[in-house]
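Single chain ahead, written as C-alpha cells, the form predicted on its own.
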C-alpha cells in the first residue's frame, strides 16, 4: 500500500460526497414530477409517451396493481429480448454475421438483462450483433434500472402518506426515471467516454498489424454509449468479453475514475433523494453513512490483501514488490482496482476491471461477501435503496425488542405484517445462493464446469450464484457457465433475486401507506443518528455472516490458509 494509493481512494470518495447532494436534489424533484431545468425539453416528450401508451399520469395504483405492472412489463421485455437473441442472424446491423443464440443462452441472457443483473455466459464481441447490443441489451439497461427506481419510489411514498391505498403509477415512475434521470446522464457520460477514447461506431471490426507483423482483427462497435448506461444503471454488462479491463471500454486511469463515479452516482444520490422526499435528510445521510462504512472497509480490505502479495508466486521468483498483479491491468494500479472491485459488488453493478478469480483468497472473499450482504451498499439503482429500507425495518424491530416498545421507522409502526414480508424478502438470497450452489457442487456435470479444483472451485460456483441472485452479474472467472444447467439455474436465481424480493417490498409499501403517520415521541428510537447507523450495520453483517460464513469457510477462507502454507490445487 502507498500514500498515493490512499490519496486516490480519498479523492474518489470526496468526489462522490460532493455529487450526492446536488444530484439527489435533482432526482427528488424530477421523480416527483416537479419542474427542473430539463422540463421545457423533456416535459412534452413525457406527455407524448403517456398519450401514445394510453396512460393517465394522474391515476395511481395500489401495491398489487403496481406489482402486476412491474411483472407484466418485465415479462414483455423478456419475450422481446429473447426473440431478438434467437433471431439475431435475420436482423439488421449484424456486420459480423453472428447467428442466433442457443435457447438456454438466450433464456439466461434475456433474464439477466431484464432483471438488471447482466450476467454474461458469452463473449460480447464474439456473440452479439450491434442490433442485439443496442436494440436489445442497451434498451433493457435503461428500463430495468428504471423499474428498480420505480419500486423504490413506491416504497418512499409509503412513508410520506397516511391512510392511503395508492403508491403512485408504475408507468409514470418508470418513464420519469428513464427520461429525466438515466437518459440525460447517459448522454453526458457517453460523450465524456468518447473524448477519453472509447469507440462509438457501427463498424464491426478493424484490422491491425501487430509488432510481429501478424494481422489481428479488433472488434469495434457502439461501445461508449453502452458503457455509460452500463454504469449509471448499475447494469455492468460489458460490450466486450473482459469488460472494463479492455482498453476500448476503459482506456485510462481517468476513464476508470469516471466508471466508478458513474456506477456509484445514481444509487447513492437516490438514497439522499429518499431522505429529501420523506422530509428527513438526516435519514438519507444515515443510510449513506452505512453504505460508506462498508465500501471504505471493503475497499481497504481488498487493497491490503492484494498489496500483501501471494507467497506461492513469491516462492516461484515473482517480485512481490507490486503485490498480487495477476489478472490486473497495470494502468489502474492496486488502489483503484480495489475500489472498483468493492464498488461493483457493493452495488449490483457487476462490471469488472480485473478478474476477481485472480485475486488473493481474502481479496476475492470481500467482493463475494459484499454481494451476500444483500446488494445494499448502495446497491443497484432503486433496489439498493429498498433493500436498505428492509434492513432498517429489521433493525428497528430488534431495537423495539430491546426496549420493549413498538418499533417505528419514519413515523410508521412496524408490526407483524411488515416483518413477515421483510423476512420473506431477505430469505430469498440464501435460498437461491446456497440451494443452487449445493446442488451444483454435488452434480458431476456441474462440477465439470469449474476451472480449478479444491476450495477455489467451490468459490467459483458460490460466486456465480451469489452474483446471479444478488442481480450483480460479475463473474469469478474460471467457471464454464455456458451450459444448459448453469444458464437455466442462474436464470432462475436471477428471477428470484429480483422479483421474489421486489414483490414483498411492494407489499410492505402497501401496508405502510395504509397506516397513519405518527409524530415522534420521547419513546421513539431515533433512526437518523450514529447509534442507529451502528445497529443497522450490525444487522446487515450478522445476517450475512450467519447465513454465508460456513460456505465461505469452505471456499476462500480454506484457500487462504492453504496459500499461506504454500499449497496449490
Partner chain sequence: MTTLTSRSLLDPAILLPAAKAAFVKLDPRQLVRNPVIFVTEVVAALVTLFFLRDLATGGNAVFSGQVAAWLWFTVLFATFAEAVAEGRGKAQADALRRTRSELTARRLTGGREETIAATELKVGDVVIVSAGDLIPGDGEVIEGIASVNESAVTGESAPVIRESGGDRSAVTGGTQVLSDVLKIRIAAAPGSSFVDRMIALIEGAERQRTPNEIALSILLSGLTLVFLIAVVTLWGLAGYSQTVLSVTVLSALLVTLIPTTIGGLLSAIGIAGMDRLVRFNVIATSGRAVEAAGDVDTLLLDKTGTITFGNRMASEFLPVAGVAESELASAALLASAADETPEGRSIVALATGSLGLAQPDARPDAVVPFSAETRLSGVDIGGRRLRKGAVDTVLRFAGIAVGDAPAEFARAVDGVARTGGTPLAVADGDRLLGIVHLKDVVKPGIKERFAALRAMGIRTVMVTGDNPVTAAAIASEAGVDDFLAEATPEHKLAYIRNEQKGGRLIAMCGDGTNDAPALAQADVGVAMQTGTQAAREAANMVDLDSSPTKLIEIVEIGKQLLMTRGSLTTFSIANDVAKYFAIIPALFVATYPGLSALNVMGLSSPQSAILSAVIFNALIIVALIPLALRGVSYRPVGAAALLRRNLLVYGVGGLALPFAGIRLVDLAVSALNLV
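Keep in mind that this is a model prediction, so the values were computed, not measured. Positions refer to the first chain, counted from 1.
Here the subject shifts to the form predicted in complex with its partner chain, a form of this protein not shown in this document.
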**OP:** Just one of 148-156, 299-307, 132-140, 426-434 has residues with a heavy atom within 4.5 Å of its partner chain in the predicted complex, so point it out.
**Re:** 426-434
**OP:** Determine whether any heavy atom of residue 330 comes within 4.5 Å of a heavy atom of its partner chain in the predicted complex, and answer yes or no.
**Re:** no
Original post:
Should residue 523 be counted as a contact of its partner chain in the predicted complex, where contact means heavy atoms within 4.5 Å?
Top reply: yes
Original post:
Using 4.5 Å between non-hydrogen atoms, is residue 285 touching its partner chain in the predicted complex?
Top reply: no
**OP:** Mark residue 196 yes when one of its heavy atoms lies within 4.5 Å of a heavy atom of its partner chain in the predicted complex, and no otherwise.
**Re:** no
Original post:
Would you say all of 65, 293 and 537 touch its partner chain in the predicted complex, counting a heavy atom within 4.5 Å as a touch?
Top reply: no
Original post:
Since exactly one of 38, 531, 55, 45 fits, which has a heavy atom within 4.5 Å of its partner chain in the predicted complex?
Top reply: 531
Original post:
Which one of 413, 246, 104, 281 is close to its partner chain in the predicted complex, taking close to mean a heavy atom within 4.5 Å?
Top reply: 413
**OP:** At a 4.5 angstroms cut-off on non-hydrogen atoms, which residues of 443-459 are near its partner chain in the predicted complex? List them in order.
**Re:** 447, 450, 452, 453, 454, 455, 457, 458
